[in-house]
Structure formats: structure tokens, C-alpha cells
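A single chain, nothing else alongside it, follows as C-alpha cells in the form predicted on its own.
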Amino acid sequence: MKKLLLTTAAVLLATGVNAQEITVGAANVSSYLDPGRDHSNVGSQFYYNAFDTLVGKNHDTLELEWRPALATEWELVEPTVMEFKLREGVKFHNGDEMTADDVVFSLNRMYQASFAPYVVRSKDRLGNFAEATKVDDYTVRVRVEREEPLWETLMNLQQVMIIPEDYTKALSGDPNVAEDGDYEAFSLAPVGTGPYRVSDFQPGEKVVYTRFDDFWGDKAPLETATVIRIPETASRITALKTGEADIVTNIAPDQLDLINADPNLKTEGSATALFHVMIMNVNHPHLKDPKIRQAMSLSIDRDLLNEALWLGKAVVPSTHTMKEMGALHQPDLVTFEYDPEKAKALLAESSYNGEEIVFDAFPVYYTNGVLAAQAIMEMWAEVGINGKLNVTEEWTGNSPDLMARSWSNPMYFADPFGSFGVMWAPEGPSEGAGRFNTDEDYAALWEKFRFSADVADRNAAYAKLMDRIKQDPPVLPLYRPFESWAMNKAVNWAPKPGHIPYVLDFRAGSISLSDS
């Protein structure tokens, strides 16, 4: 374990960083904290410090290296049954000891979900998981419907982090029954097994982590970590300079030189395992002709967006793939490209008659999101598309009136299923929202891609799925944004390559405070 290096009193005074305490200025803070229901970019920041999964992972590397966590070992005892031996002596933040009952409760709340937010998350990534059962106090078995090629990956998901059964059931109503009200209450008073407990949560405004001294693993290096919402970039940078914050999130590349020029500050960043995307409603009356949507996509110069908005630091993909996917990374596929002349020709062949195409965009949620949308309007105009930008706080992705909008598609886990698949599966969130359609051929390709034990077969099926997306596009990945964090030089922290996007990892070995 890397030991915390405390600064000298003189350095602390000069930098404003307090020994073993930090404050993070975040662009956004979640309105609830429940790892089971959450899959947002904002939410992904907050769970790793306070919760654990059965199967752990080495986040220092892109390679999939599984490690014991709340389970010390696991083995496939039948083709569709995995047995997990639980770590003994694990304490929840409320003092309860974790047993198989808590694990079965936590897993089945997702596998056999009845609470509406859990049902959505269960369907889009855990649909193959049937049930968890108790063998004894420290042994659990998990059964799947079909042989599962992604066992460890899907047992490492944020959504299957373990929570206490008795505590949760007692939050509202009948303490012997899990009710929707219990889960709603839990999201405002979360309890896990991680190295920090959530000691204060003000929805949408502040999260305070305090070291949990009974943690089963390496001691947390910080006594307290406070995350506060500071939505405006300029205000976050000011907070950093004045010492109100020690780390700030979501810094655009054009601010990096200014920050790095300050002798007390520095930045860390990476091309995030997430795509900023344009989604298109294939069922809108004005967009049913796929040639129109092909033209909308082909007219966007994503390399220019990268240079103008991200100083060339973002990653522009040729298909829906990421290097984090390992053997399933297919960068040679060409699904998305820039060809304005072809866009003009397709428009001329299509049913398009100059109808206004509205592009919705959140005002501050995505770094450079509105600037990208404004540039896309100009690119559309150059090929003859009559675009209109609508900047709105409202989520319009489920509206039949949606035409196009900015969105993001994170890598929820390191597999094409964990990025493209979560969103664009048959009967998945996009089809369920009414903006995307699949058919029997698509579903057959999907089944081969999702469940084949052979990587080559999975890659071949995925390539065919990408060809379907090219011919009848519902989405265009713009780029993997280069997201940066700025911090006081006394803070030693950087995003780790093995995490899902935006995780604020303050565990042992991930952060220290020093004078060097």
C-alpha cells in the first residue's frame, strides 16, 4: 500500500491543502446515491469510494485483471452456476456484518428487480442473470439463464455493489419486506462496505466521505473528502486558485495552459472511455428516410471538432469501439466517416425537402457540448440541412418529438456490450424509448455477439451490427472527449485507465498529499 505523505506545515499553509482532507469542485453532483439504479456520467463519480463488488479489478491497467474483493474466490460449479466464497468479518458502514443474506438481497434486487429504476438497469445489462441463492453464511451461488462469457465482468459492475439487507428494509414501511420506499430512502442515506462512508449527502449539491475505520481492506488515505457542486468552469478554476477546492473536474483543453502556468497548480487528463454522441430518432416523420440520417452524419467533420474544441486531444473513432475492449477492439472497421459531397448527394436522393431538424443539447452537462452543437449546425448548413439548435435542461431522449440531440455513451464495462450494447441492444433503452428499431436479423446477430464463447465469432457478429448501424444510423459517436482534472500540486491523483469514466478514486494507492 502506498502510504500517505503528509505535507509540512509550511506547505499546507501555502497551498491551502489540509492534511488528510480534500475538497473537490465538481461540475455536477448526483440527486441520489444508489449504485443499483444509477448509470449516469455524474453518478459514476461517487460509488467506488463507498461500495464494493464481489469481484474486484486492478484499475491500474487496461488489461482485465480480476482480484478478490467481497468474494475471496469463485468457481463455475455448473455451466450456468458460479459459486462465490465470501470474505468474513466485512462490516457495513452502519456496523452490521456482511453475510450471504446481504449478498443475495443485493444481487436479487437487480436480477429479479421490481423497483422501476432497477428494472431498467437489470434489463439493459443483467438480463441473463436469474437469481442468487444462499448456500451458507459465507457462500453464495449465482445462476444465469444461458452460459455466460462475461462472468467476472458482470459481477464487477457498479450495479451489483453490495448493500445491507436489514438496514435497507427498515428504512420505510414493513421492515421484513423490501419496498420501493426503502430503495428511495436508501438513495438519500446510502450504506456500503467501502473504505469511506457517506457522512453527509445534500442531493445535487454535496457529498462528504469520511474514513471508515472498520474497512476490510487497506486503510483509506484521507480522513475526509468533500465533493461540492460548482457548475461553471470559471467558478471551479477560481475555487481552485483560492483554495476553496483542491481538485476540480471537467476542465476543457483550452484552460489547461492557464492552469499549468500557475506554480501551485497542475492538471491530469485522459481521453475518457466514453463517446460524446449525436443520436437521431429513426422514427421521427422527418427522419424516417435513412439517407437523411446518413447525410446528417456524413456532414460532420469530427476531426475539425477535435482540433477546435479539444486541441486534438480527443479520440475520433471510425466505428463504435475502444482500446479498453482488448481482443474485441476493432479499429479497422469504418462505420462513421466525413464526406460532405456524399452527404449532399444522399440528400438529393432522399425525401428531404428542407424541413427544420432540431438538435437538442444540454447547456452545461457535457464539456464543450453546446460549442460542438453550434458547430454541427454550421456543418449541416453547408450540405443543405436546415438545422436549429435547442439548448435545454430537459431530457428529450424519450420524446416522440425528438429529432436529434447530444448525448453520451460511456463504457459501463470493458466490452462492446458494455458500451454500444447497453444502449443499442434489441429491446434495450434506445428501442424502448421509441427512437431505434431492430428486427429478427439484428436480434440474431446480437445473440451471436452477446453469447458466443469465441472472440472471433463475437467480433464477426459485431462487425455486421456496425454495418447495420452504418446503413440505418441512429447514432454518431463524435469523439472520446479529453477530460481533465485540475488540482493543487500537493495532491497526487490521476484518473486510472481501468476505471469506468469519471470515477473519483480516493482509495489506498490512488491518492496522496505531498510536498513533492
Partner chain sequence: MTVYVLRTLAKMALTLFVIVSLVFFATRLSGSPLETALGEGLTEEDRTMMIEYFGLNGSIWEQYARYLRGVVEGNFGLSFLERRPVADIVAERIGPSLQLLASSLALTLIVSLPLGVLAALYRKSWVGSAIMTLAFVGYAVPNFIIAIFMILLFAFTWNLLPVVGNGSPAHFIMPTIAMSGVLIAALTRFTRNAMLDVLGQDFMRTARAKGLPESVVVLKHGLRNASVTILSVLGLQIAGLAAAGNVVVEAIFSWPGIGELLVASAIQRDYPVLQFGVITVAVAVVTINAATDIAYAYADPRIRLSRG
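The model shown is predicted, which means the values in this text are computed figures rather than measured ones. In this text, the rigid core denotes the largest set of C-alpha atoms whose superposition between the two forms falls within 1.5 Å. Residue numbers count along the first chain shown, from 1.
This protein has a second form, the form predicted together with the partner chain, left out of what is shown; the following refers to that one.
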The unique member of Gly428, Pro253, Gly387, Gly418 whose heavy atoms fall within 4.5 Å of the partner chain in the predicted complex: Gly428
Answer option from Arg480, His59, Arg37, Arg458, heavy atom within 4.5 Å of the partner chain in the predicted complex: Arg37
Contact stretch among 156-164, 139-147, 221-229, 294-302 - heavy atom within 4.5 Å of the partner chain in the predicted complex: 221-229
Exercise: Leu371 in contact with the partner chain in the predicted complex, heavy atom 4.5 Å: no
Contact of Trp446 with the partner chain in the predicted complex (heavy atom, 4.5 Å): no
4.5 Å heavy atom contact, Ser31 to the partner chain in the predicted complex: yes
4.5 Å heavy atom contact, Thr238 to the partner chain in the predicted complex: yes
All of Val119, Tyr365 and Glu393 with a heavy atom within 4.5 Å of the partner chain in the predicted complex: yes
Partner contacts in the predicted complex for 336-354 (non-hydrogen atom within 4.5 angstroms of the partner chain): none
After fitting the core, Glu393 CA displacement of 2 Å or more between the shown form and the other one: yes
Glu431 C-alpha shift between the shown form and the other one of 2 Å or more, rigid core reference: yes
